[in-house]
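Listed next as structure tokens is one chain, alone, in the form predicted alone.
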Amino acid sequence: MAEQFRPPVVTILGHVDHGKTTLLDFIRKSSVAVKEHGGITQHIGAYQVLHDNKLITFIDTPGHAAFEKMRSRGANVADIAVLVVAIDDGIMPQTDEAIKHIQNAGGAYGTKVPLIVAVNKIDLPGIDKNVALLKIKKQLADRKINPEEYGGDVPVIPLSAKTGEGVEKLLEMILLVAEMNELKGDPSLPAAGVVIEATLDKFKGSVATILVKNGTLKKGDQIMVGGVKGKIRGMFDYNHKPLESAGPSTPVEVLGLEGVPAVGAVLGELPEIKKAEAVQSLVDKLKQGDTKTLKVVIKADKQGSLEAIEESLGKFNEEQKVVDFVLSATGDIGEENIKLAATVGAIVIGFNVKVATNAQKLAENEHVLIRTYNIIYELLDDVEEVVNTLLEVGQLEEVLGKANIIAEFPHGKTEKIAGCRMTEGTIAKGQKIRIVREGVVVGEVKLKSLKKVKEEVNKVEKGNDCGMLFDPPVDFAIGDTVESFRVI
């Protein structure tokens, strides 16, 4: 079968809150924002719409800065990029970032990705539309993006994603640009495409969303994608309707893979994406160091979210390795994750996942810190605060237990036993121990002896009284606090 016209694959990029998701919502008459925590799109999705009896495939790329890597991949697999700019804000930091991705990305056959600028929110009251448009066009020209009015080749479409004004003109322009670029595919070829989302579902198993760029993917096909093999036992379109086959420019949800492939993993021959993966692997290998690190176990609901979190936290390692990814995986936080974290001294971070009851109990017993989030910038803010502390003091400490000294008893000629009442957690032999008086550390010691009533024990827990003998002896006082801690 000869090559034939295929639907354009379009990615929508731009600064957060400039209306990317609202625009796509209006186009496909559904709502993504209300399904996303905080109104921020946090996973790549792909959808098809019909305009003038012609299909257009949209890649819905996440809007938050944390998903730079996902947006970059979105631009790399797109035929046309739509840059959304709010008329009241103009070019913002993430707009510049999106421009960089568009300018660096290769479109169909490795060529430059055609760009359309959508100036959104023209319905805002109190805006001089003409003045604002002129300012934005000047900002674009300063960034080597030349609007058609300036003799360039970039259409600028004013619109309102809220009212729909100008949206039809945008769709017409997308189809016109697609026609001018002669986008073609050959359905008779073996399927070639890229993974744009992947997750592990407790009922379905491994689920991957694949954008078929060329050829045809069929139910029953044996495939290999990003090192993960499988046989397609189920295939669904963007409306979750079952499919027997999918041709060029079609996004499909695929069941039957033996594992969860990485976002951006390649099916068939897409050499420009394979090159990007090789470069990323090299960068990861170079992130080495022997400084004290914050060890983390990361669990996320989807592979795309996982990669975005790793990418964002990895930026802390640019000068020295301060974040060590002990484990990164999809799925809920389970007992095995807590055991691993306890063994290596890591914290557990969850994104849009649940914590199993037995895992929560084990974490409490093993003093493993768990933090779960459903808004990514809250996760990043918290971790950044921890990392900054780590960089300032050179190490991060976790308090394991506390006890108040309520009495003292002589022991031998020079030593004395501290009579203590446990108030928090657990204190055990072998742990690091410090004596704190009014917030000031007066000494760091080890436990020479730990007794509960008259019996020597290895540990005491909250609510119990005990006697502690310190090594070396320290001049403690009634009212001091004994803390056990560890460096992580």
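The shown structure was predicted, so the numbers you read here are calculated from the model rather than taken from an experiment. Throughout, we count residues from 1 along the sequence that is shown.
Heads up, the form predicted together with guanosine-5'-diphosphate isn't pictured, but that's what we're talking about next.
K.L.:
For the three residues Thr21, Lys121 and Ala161, which mark the spot I'm curious about, does each lie within 4.5 Å of guanosine-5'-diphosphate in the model of the complex through at least one heavy atom?
P.N.:
Verified in the model of the complex; spot residues all in contact, yes.
K.L.:
Answer for Val474 alone: is it within 4.5 Å of guanosine-5'-diphosphate in the model of the complex, judged on heavy atom distances?
P.N.:
Close contact is absent here: in the model of the complex, Val474 is far from guanosine-5'-diphosphate, nothing within 4.5 Å, heavy atoms only.
K.L.:
Wondering, does Leu469 line up within 4.5 Å of guanosine-5'-diphosphate in the model of the complex on heavy atoms?
P.N.:
Output for Leu469 is no: heavy atoms all beyond 4.5 Å of guanosine-5'-diphosphate.
K.L.:
Just one stretch in 324 to 332, 122 to 130, 402 to 410, 207 to 215 has heavy atoms within 4.5 Å of guanosine-5'-diphosphate in the model of the complex, so which one is it?
P.N.:
Result for this chain: 122 to 130.
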